[in-house]
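Read the single chain below, which is given as structure tokens and is the form predicted on its own.
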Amino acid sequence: MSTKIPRIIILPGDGIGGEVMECALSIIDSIYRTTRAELDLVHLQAGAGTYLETGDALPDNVIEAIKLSDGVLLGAMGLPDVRYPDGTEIIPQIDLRMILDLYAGVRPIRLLPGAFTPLKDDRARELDFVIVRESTEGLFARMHEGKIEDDKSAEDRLIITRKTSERLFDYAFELARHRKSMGHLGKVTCVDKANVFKSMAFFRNIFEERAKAFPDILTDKQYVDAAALNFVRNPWDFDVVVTENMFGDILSDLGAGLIGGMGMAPSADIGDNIAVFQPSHGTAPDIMGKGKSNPTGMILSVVLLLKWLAAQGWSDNYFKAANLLDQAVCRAYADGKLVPYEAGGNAGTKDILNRVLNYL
């Protein structure tokens, strides 16, 4: 560990990233005053705006600072109109996953008490499952090496390795075991397309092999198209969902839709030694500066950060702070009056932040 207190790199990024990060910093300050769970915050810049200023979206000094830190809190990165010469969007958060080997993309899908959901079944009120997305392989592994042949065809390569898949599945099973101890189902569902692609059959075979080491955990296997259907039809049947990179990217957005929108969804990209925490949403430049961004996913990402620090061996104060903050968010939404713009309401950025702060 780099300091006597955890050193956290702050990357606001682009668009509404800075707005929701300001909310996160207000929350961190309030939490510290309440619990003394201190963080050594180092403010740096990366993203599309940094690319426009310097020609480098992820400067070397930022990468080195992250490697020496204990974690990263990120707002959002990328702007639709800022692209590399080959036409691809600037999304350095994906590069960070590769550089830091953040193989486990953890996407909690939990409906907060009183929050909006498009689902009408009463069972949706208890919706609480986790998507574990492999975040370094699949179609993303060689995303910079894709090619277009004479404007007649295009090709990208999908990669699945045993080493990364085993670590991913073990993480998912350990998570399910932890959740089982807290009263959840204790089941891992592998989502793939093993009926069509050899890479996916390989992925599923490794899942079945690793499942043998966790006989106390239930298992299920679904093709991704069936899983998408079941996310809408009966999402309460899921506990931990583990899947390939691209499938996880898509299913995470579908899951966020079930709990009120992208602004409600936190995430963590976790490796063996470091992790990056950020809301699942993008930079949403169309609402930047209008006070309409939803900071809930960002605030809940702080909860994930604090829990991760506690699990890494830092003081129990960080776990206590995480629980206090999580309870404050739940209480803020509990009466059903707090409805963000993305869910059809009129609760803006400051409304949501202030409501959470009132319960800290």
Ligand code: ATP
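Since the structure is predicted, the reported quantities are computational estimates derived from the model, not experimental observations. Each residue number is its position in the shown sequence, starting from 1.
Note that the form predicted in complex with this ligand isn't included here; everything after this is about it.
- Between the options 275, 227, 206, 287, the residue in contact with this ligand in the predicted bound form by a heavy atom within 4.5 angstroms is 287.
- Of the residues given (71, 235, 282, 248), 282 alone sits with a heavy atom within 4.5 Å of this ligand in the predicted bound form.
- Using a 4.5 angstroms heavy atom cutoff to this ligand in the predicted bound form, all of 253, 292 and 342 count as contacting.
- Heavy atoms of residue 263 reach within 4.5 Å of this ligand in the predicted bound form, making it an interface residue.
- This ligand in the predicted bound form comes within 4.5 Å of a heavy atom belonging to residue 16.
- Stretch 255-263 is the contacting one of 137-145, 177-185, 209-217, 255-263, since its residues have non-hydrogen atoms within 4.5 Å of this ligand in the predicted bound form.
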